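The form predicted alone is given below as one chain in structure tokens.
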């Protein structure tokens, strides 16, 4: 097939009121292979939190597309990004998600590496009869070309050409700050996580994380549960929000450069937020405006592989494409470091109620993704029509909210929450098309 013109897949004509995505973007095997090379291997990807590797020699593992990654804190306290593959036979070096070790030993032939990735031992060298050419080679682990952090969020890239991390994140840093500043000591992942797979394309989760439109239909059963709780029955400790109160409240979406986007809503029940009891301290530390925005509901999409949902209690979600129709999900509850036990319990009850695989939302969404993937096989189907809500109200720049916050997104939209706008999808797909076009034409992805 001819993949030279990405307009065949992302029909982006805002001047004509048109934004559409072709079903092949979710179902074509050749496109999936190209995504690995031209998107995941050419941009920044989220890897973990600094708080996960707080001590010397702590490590965590992750993936950038198909490439296994090992992130360590070396003896000097610096964060090092490595390819989690032994140089001898390409065996995965570490299978654990996290741990602490001064030496990483390959389980196949025993080659060993320190926290910097330096090769410190090759088994049986005295009797090996290695030639001089072998001894002249480096046996150290391969380093990620780029590793950097912003506010404790660690990112890595397989391409040395990416811009500085701060430039890549741009104004999305404001929304990351709203997470990082919820506690005076920063943010951490609550111990424990959910890992699961679904049989559908990764971009169905990319969409869902900033999709307010599906809420009242996909999760209709949760609305029924909330109605029962308002009578004082059931799991009232979860302090679930009354979604009926949201429709008339101000809401909007912002698309930032490099594929990031955010949806937001003024929170009608701020007293139910787990940070509510700490608001006096937060206001004193970050100011009135940022504190009020912490109370607002916000869902963030950091292109290409990470989302933060802070519409109930904050959670972090990553997704890894395993195949064109299979995706691995990882989800954590986010919390301020040193949070009082009562507030941590409040947060966990909200998180597990909605986001856990056994909660009220995740099973609904997963079934829908798989149904959608089956539907993508419908041969008469071409362009999907799920990207137009709110387009008629979209503007260049940040609108009133952006101006008040000093943000300059590429596009934005504001209105009532029940607009349920789909504008936040546009930024990620524009970046998807840009990176794909650059890779297929042989151009540099970054100036």
Partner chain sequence: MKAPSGFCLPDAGETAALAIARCLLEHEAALLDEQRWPEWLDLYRPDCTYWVPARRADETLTDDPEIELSHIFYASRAGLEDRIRRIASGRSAASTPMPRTTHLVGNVRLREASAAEVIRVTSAWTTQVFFVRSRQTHGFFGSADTDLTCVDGAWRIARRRTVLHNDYVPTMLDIYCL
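Numbering follows the first chain given and starts at 1. Bear in mind that the values here come from a model prediction, so they are computed numbers and not experimental data.
Quick note: we don't show the form predicted in complex with its partner chain, though the next part is all about it.
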{"query": "Residue 374 within 4.5 Å of its partner chain in the predicted complex, heavy atoms", "finding": "yes"}
{"query": "In the predicted complex, residue 98 touching its partner chain (heavy atom, 4.5 Å)", "finding": "yes"}
{"query": "Exercise: residue 195 in contact with its partner chain in the predicted complex, heavy atom 4.5 Å", "finding": "yes"}
{"query": "Interface membership of residue 233, its partner chain in the predicted complex, 4.5 Å heavy atom rule", "finding": "yes"}
{"query": "Its partner chain in the predicted complex: contacted by all of 323, 432 and 443, heavy atom 4.5 Å", "finding": "no"}
{"query": "Contact residue in the predicted complex, from 171, 114, 181, 370 (heavy atom within 4.5 Å of its partner chain)", "finding": "370"}
{"query": "The unique member of 349, 317, 146, 266 whose heavy atoms fall within 4.5 Å of its partner chain in the predicted complex", "finding": "349"}
{"query": "Segment assignment from 355-363, 283-291, 72-80, 171-179: heavy atom within 4.5 Å of its partner chain in the predicted complex", "finding": "355-363"}
{"query": "Within 335-350, the residues that have a heavy atom no more than 4.5 Å from its partner chain in the predicted complex", "finding": "341, 344, 345, 348, 349"}
